[in-house]
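Given next, in structure tokens, is a single chain: the form predicted alone.
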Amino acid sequence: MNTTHIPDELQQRIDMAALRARGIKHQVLSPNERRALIGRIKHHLDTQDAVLVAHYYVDEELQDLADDTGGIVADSLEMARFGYEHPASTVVVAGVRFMAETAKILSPEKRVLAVKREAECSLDMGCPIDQFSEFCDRHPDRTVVVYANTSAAVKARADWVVTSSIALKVAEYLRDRGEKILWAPDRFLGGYVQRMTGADMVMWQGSCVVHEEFKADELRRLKIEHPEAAVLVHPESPSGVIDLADRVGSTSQIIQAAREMDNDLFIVATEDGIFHKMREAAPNKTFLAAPTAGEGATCKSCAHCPWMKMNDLQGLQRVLSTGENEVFIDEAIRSRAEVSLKRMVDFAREHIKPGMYVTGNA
């Protein structure tokens, strides 16, 4: 597998940013304060013709508010499609920066607000456009496929954008056309796609700070303790963890698997914000977090994205009342990125139905 490595200095910046994000403390609200705040937010959404689009990994209060106000809680593919197709003139994104950028790329005529401007993504941070462009220039014969967890500039350099829910299908499509792939930035998802499809791929060497921490040895022990449990794994996880899975899929596909499988107990390897929707989808089932640390660790299951958790009700109220955190993208970059993003949206509309392509190893 051909790869390019992230410089140590860049990796240190990613780690430091994650540590700073983890140190942010949210104000504790009383029940009356929370009800009043939610009421103001709903008023803003209504009067500003705004819709709230939230990822499964943000706090459950934001997820519930998105549902209650006609928005959506979804994976990054459905977030992109929903914001693009919804008639609202303002799209408010509770997630991380690339998700807000994606909404603006697809809907330049709309006002797009990010609940938290500082909410980053280690995959995005670990794939800077200058270094990525050099990597692409070294492989001019390859079709450039980038994960949605990338900047607008990286998407502008790409031929295709994919999410975890359609990565396999796109890779199969390109393989069948005889195209060789340059993949970025997640090495674990890329390795999984390569193993499953046999596509000819060279790979950028990025990773998610959450999913890379899942430990295969500890997961194996947990499976022994709970032999009746099915293991659900997001493909951003290390290959040893993926090998232990009963189902591998995107966040929305993991939720569907929990709803449809006969098991009453599940071990789940993805960010823990997903448990809110999993419990709604399968209220009579039990979910255990997959282990992220080995023996002697102070936290056995710490699958929290520090940047997703920066999103909160107070931040949402602030951006709606002030208009801050509006997303702007240089038009030359936006228009190029729109090509690869719309290719993803159009491909998904034609080839991917809800819940399709959840893969199984067992």
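Computed from a predicted model, the values in this text were never measured in an experiment. Position 1 is the first residue in the sequence shown; the rest follow in order.
Below, we turn to the form predicted in complex with a small molecule, even though it does not appear here.
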property	result
Joint contact, Phe132, Arg187 and Gln205 to the small molecule in the predicted complex, by non-hydrogen atom at 4.5 Å	no
Distance check, Glu101 to the small molecule in the predicted complex, heavy atom within 4.5 Å	no
Partner contact for Lys116 in the predicted complex: the small molecule, 4.5 angstroms, heavy atom	no
Close approach of Thr150 to the small molecule in the predicted complex, 4.5 Å, heavy atom	no
Contact flag, Thr292 vs the small molecule in the predicted complex, heavy atom cut 4.5 Å	no
Partner-facing stretch of 73 to 81, 103 to 111, 132 to 140, 275 to 283, counted where any non-hydrogen atom is within 4.5 angstroms of the small molecule in the predicted complex	73 to 81
